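The chain below stands alone, shown as structure tokens; this is the form predicted alone.
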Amino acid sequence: MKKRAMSLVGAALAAAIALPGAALSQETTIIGVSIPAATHGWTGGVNFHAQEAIDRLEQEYENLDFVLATAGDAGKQVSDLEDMLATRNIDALVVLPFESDPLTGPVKRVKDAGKFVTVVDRGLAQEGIEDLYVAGDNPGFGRNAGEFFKEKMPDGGKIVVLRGIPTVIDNQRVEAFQTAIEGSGIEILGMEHGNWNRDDAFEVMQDFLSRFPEINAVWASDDDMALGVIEAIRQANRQDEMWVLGGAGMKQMIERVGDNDTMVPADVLYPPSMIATAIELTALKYVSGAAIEGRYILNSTLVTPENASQYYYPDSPF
């Protein structure tokens, strides 16, 4: 589905929410929502935005019911889906898979049972199962980060890079970043996996600091990792030597960007609020009759001091 077409769907949803009487049927529609538990900052944000969207939609539509389940591992999520299908009689499923491979078969069984399926963020191992796919723009995430580095470092410089967990998503981000900085004079001194983890990133950055006497900037590529990086830099008393670019939209980092923190000059969004978008679009199918299918890819927006207030959610845990 084209981005423009989906933006029109978003407008239709806004109109439907403004007019609760627009629901097509008085029969109750049950939408299952299956997401990972809040095991780290980003998934904490996913949980917050999922609950907020469910509360809002249930208040507006008495004929919409939601079943929300969180899972700390893939096995628990598989059990949750089986329960939703066997005992909760869901009409539709919104699922952010804990892992792609073990969830592919269970999600396919939901689809084969005639249910509408929306997959969020982490795609399934088999293409074509879901009716709707909602995710962030991973190549755009890396590209926008690289373009920012070129803008901030017009004369080139020395940087280090922290990668996430070895995944297709991480590869897409890093490859796009490297392509964006080609020919810029920016030299990547080192690149290591920080696993989207604050403690791991702290250790990786400590190693970089001991190995490289001159570092001008750091692409941490994730806000949790960026916090670990910043702490390592602070402990080494080298905070005046370099700046750090993270990503995802953590409120702590967005606040620092908005406050013109020279060490955190920008951030790149990969918003956990995408789960709310997925829930709203799925609900739209039942309250307006709109044709909801295809792919909805959210832009990886560059957050700067000028627009930071638009992306700051003070009540979010992330």
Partner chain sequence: MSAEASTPAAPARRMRIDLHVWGPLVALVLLILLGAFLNANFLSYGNVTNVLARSAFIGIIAVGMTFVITAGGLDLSVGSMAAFIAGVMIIVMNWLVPELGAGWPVVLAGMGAALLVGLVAGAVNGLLVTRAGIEAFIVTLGTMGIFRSLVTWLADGGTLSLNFEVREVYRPVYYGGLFGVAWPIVVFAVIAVIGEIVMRRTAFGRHCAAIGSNDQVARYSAIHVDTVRLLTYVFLGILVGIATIMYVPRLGSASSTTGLLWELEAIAAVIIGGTVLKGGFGRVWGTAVGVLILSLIDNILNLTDLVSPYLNGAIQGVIIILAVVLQRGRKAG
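Residue numbers count along the first chain shown, from 1. What you see is a predicted model, and the numbers here were worked out from it, not measured in a lab.
The form predicted together with its partner chain exists for this protein as well; it is not shown, and the discussion that follows is about that form.
Within 4.5 Å of its partner chain in the predicted bound form, a heavy atom is found for all three of 44, 166 and 191. Contact with its partner chain in the predicted bound form, judged by any heavy atom within 4.5 Å, is made by just one of 252, 59, 28, 260: 252.
The listed set 82, 151, 214, 207 contains one residue whose heavy atoms approach its partner chain in the predicted bound form to within 4.5 Å, identified as 207. In the predicted bound form, its partner chain lies farther than 4.5 Å from every heavy atom of residue 241. Proximity of residue 234 to its partner chain in the predicted bound form falls within the 4.5 Å heavy atom cutoff.
For the chain shown alone, residue 203 is a contact residue for its partner chain in the predicted bound form, at least one non-hydrogen atom being within 4.5 angstroms. Contact check for residue 140: every heavy atom lies farther than 4.5 Å from its partner chain in the predicted bound form.
Only one of 72-80, 226-234, 99-107, 125-133 places residue heavy atoms within 4.5 angstroms of its partner chain in the predicted bound form, namely 226-234.
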